[in-house]
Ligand SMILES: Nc1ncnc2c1ncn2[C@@H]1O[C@H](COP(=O)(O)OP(=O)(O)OP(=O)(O)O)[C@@H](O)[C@H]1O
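Take a look at this one chain, the form predicted alone, written out in structure tokens.
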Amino acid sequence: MEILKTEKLNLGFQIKNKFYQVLYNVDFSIQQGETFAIVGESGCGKSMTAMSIINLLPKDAKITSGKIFFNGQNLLELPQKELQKIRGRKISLIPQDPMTSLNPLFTVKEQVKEVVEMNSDLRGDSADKRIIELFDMVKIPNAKNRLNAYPHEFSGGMKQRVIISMALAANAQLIIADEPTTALDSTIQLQIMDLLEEIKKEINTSILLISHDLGLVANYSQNCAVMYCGHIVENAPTKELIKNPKHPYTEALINSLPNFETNTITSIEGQPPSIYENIIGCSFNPRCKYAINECHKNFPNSKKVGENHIIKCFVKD
């Protein structure tokens, strides 16, 4: 069952008297119970896509066109009050940085309790009991005795578990995990991702995983969209995408992963353009070794290159 779908989503920033496009006709869908990943370099539009879903955008950002369907309902047509009933309850967010996402002035119990009470009828001891259940679910040791601790008394990995418990407080149907392992060491990253995978299966939720780490995405998602400069340039089942990348950017991302047999890393030449740059044609053409004349004139349309495998490229098929 399809739980989320975007159709031709366009977004940009109004900076002074000029409008800068950030997202271009973004299309993807997420099925119930799956982890769907959006991967790409920093600044490519991944987080803006995620924040568009729950309308947590900067003041100067504007969705100019498109649709976002959640359980068949277009979120962009809902009044703010109706959207607030979905945000946090049916769609939860795990933000990027566990080090700064918790308020240092309040205990973890106070912060999680606020979310529990917002999303349920639980109060007092009943709310506290629910918090302990959530802490046990995310594997915080000795949960009952950690309720009155402050964020600085937790490690980075434990802070992230607290944040995940807040996302679980309402049994949301969709969890948006925006770079959930940022600032954590590799061992803790795997623990957090294993935890999310375990929770997903336990409560049958779906996860939108935002990441720049293709290795992480390869291990923890079923389907994947590759984003570059606000365009989804490739969309496929993750195993197929890793095994048989079609778009030159996806190919370059995979080649940039460490090769432990040869102890080498092949970097992608150049840098992603900023939103202020006006690149004619395919936005990847300045960095693409396959670029032809057409790539410098027009942006390619979507084309199907396999079952459930779509790319935007003139050269590859």
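Quick caveat: nothing in here was measured; it's all calculated off a predicted structure. The numbering used is simple: start at 1 and walk along the sequence shown.
Separately, the form predicted in complex with the named molecule exists; it is not shown, and the next lines address it.
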| request: Would you point out which of 26-34, 46-54, 250-258, 286-294 contains residues with a non-hydrogen atom within 4.5 Å of the named molecule in the model of the complex? | output: 46-54
| query | Within 4.5 Å of the named molecule in the model of the complex, heavy atoms considered, which of 63, 279, 275, 268? | reply | 275
| Can all three of 114, 135 and 140 be found with a heavy atom no more than 4.5 Å from the named molecule in the model of the complex? | no
| request: Although the named molecule is absent from this view, report whether residue 42 comes within 4.5 Å of it in the model of the complex, heavy atoms only. | output: yes
| Within a 4.5 Å heavy atom cut-off, is residue 299 in contact with the named molecule in the model of the complex? | no
| request: Using a 4.5 Å heavy atom cut-off, state whether residue 13 contacts the named molecule in the model of the complex. | output: yes
| task | Consider residue 9 of the chain shown here, and say whether it contacts the named molecule in the model of the complex, taking contact as heavy atoms within 4.5 Å. | result | no
| task | Scan 156-190 and note down the residues that get a heavy atom within 4.5 Å of the named molecule in the model of the complex; none is a fine answer too. | result | 179
